[in-house]
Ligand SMILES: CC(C)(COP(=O)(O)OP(=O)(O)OC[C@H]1O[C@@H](n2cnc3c(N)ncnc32)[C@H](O)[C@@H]1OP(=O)(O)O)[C@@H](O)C(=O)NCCC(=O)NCCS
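Okay, so here's just one chain, in C-alpha cells, the form predicted alone.
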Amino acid sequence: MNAEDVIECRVLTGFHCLPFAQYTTPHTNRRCEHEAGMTMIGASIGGRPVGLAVFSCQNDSEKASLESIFVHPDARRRGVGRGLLQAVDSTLVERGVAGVTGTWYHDARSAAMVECLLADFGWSDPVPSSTVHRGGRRLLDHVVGNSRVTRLPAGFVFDSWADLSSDEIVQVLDLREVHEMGVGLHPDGETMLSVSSETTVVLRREGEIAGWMMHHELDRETLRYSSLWLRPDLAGRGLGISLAIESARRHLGLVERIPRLFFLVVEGNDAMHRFIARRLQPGIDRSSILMRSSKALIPASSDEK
C-alpha cells in the first residue's frame, strides 16, 4: 500500500488541533478549548488532514457523546469515517466508558451518509430525540402580534436577568437543588454560552424568584431560547406562556442587532409540540428533527443482565 493511502487517526492536543478545526463548528472548537472532557480525533492521509471526530465524556462517566464527525468530500469512500469511529471506540474503551451516543439533524446534507456509517459500525437504529425550530423577525412579529398584553396576577412581576443582584444569582443556582432541576433547565448547566441579560426574563412572586425564560448567546446574531422554568406549584396558570411572550417581546426590540433564534422541544412533549403547531408554525423558518443513535462499547456484566 502506498504511504499516501494510509489513514492515520490519532487524539489531537494543543496546536495539533488547529489544522482540523475547519471540520467542526466554531462552538465545538470553543468547547474543545475550554471544556474538560472534550476530545478531538483527527484523520490524516499522507500527512494531510481529511477528517475529524469529536466526543465528550466527563470524568468517571459511563457514557460519552459523539459531538461531530466529518470527512472531507475528497477523502470519502476510503475508510476514513470507519477509521475515526474505530479510534473513538478504542479511546473510550481504554477510558472505561461503557457506551456512546450521537445525534444529528435529519435534514443535514450528510445525514444519510452518517446513518449508513453508524449502522455499518454497529450503532442502533436512529430514533427522533427532539425537534429544533429556527426563526427570526417573522416569528417574533407573529408571537408578539398575536398575543394579548400580559396581565400578571397580583403579586407577580417580570424582571430582567440584568437587574438581578449577585445574591439573587446565587439564589437561582440554589433552586437547582431545591427543585431537583435538570441541567437543561438551569442557567448553570451551560458552561460555554453567556446568558442574554437583555432578553432573559425572570418572574417574581412577592419579590421571590419563581421562574424564568432563559436565553443564551450562541453567537453575536443568534439567541438560543434555552429553558423555560416555573416553580411547580405555579404550573397551569398561564405564567409559562406569559414568560415566553415577554421574552419574545424583548428580543423583538433588539432584532436588528440579534436577528436569529432557535429553540428545542424534546420528543414526547406533546403539549408543546401541539402549541407550536397551533400558535407558532406560521412564523417558523425551519424545523429539523434531531436523530439519536447509540452503541454499547463494554458488554454488561452477568449481574446487570
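A residue's number is simply how far along the shown sequence it sits, counting from 1. Every value quoted in this text rests on a predicted model; they were computed, and no experiment measured them.
In what follows, reference is made to the form predicted in complex with the named molecule, a form of this protein that is not presented.
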Next on the checklist: Using a 4.5 Å heavy atom cut-off, which residue among 205, 216, 133, 78 comes into contact with the named molecule in the model of the complex?
Outcome noted: 78
Checklist outcome for this item: Checking 195, 113, 87, 175 against the named molecule in the model of the complex, the residue with a non-hydrogen atom inside 4.5 angstroms turns out to be 113
Next on the checklist: At 4.5 Å between heavy atoms, only one of the stretches 65 to 73, 243 to 251, 31 to 39, 259 to 267 reaches the named molecule in the model of the complex; which one is it?
Outcome noted: 65 to 73
Checklist entry - If you check in the model of the complex, is residue 224 within 4.5 Å of the named molecule, heavy atoms only? => result no
Checklist entry - Should residue 163 be counted as a contact of the named molecule in the model of the complex, where contact means heavy atoms within 4.5 Å? => result no
Checklist entry - Hey, in the model of the complex, does residue 117 get a heavy atom within 4.5 angstroms of the named molecule? => result yes
Checklist entry - With the cut-off set at 4.5 Å between non-hydrogen atoms, does residue 82 touch the named molecule in the model of the complex? => result yes
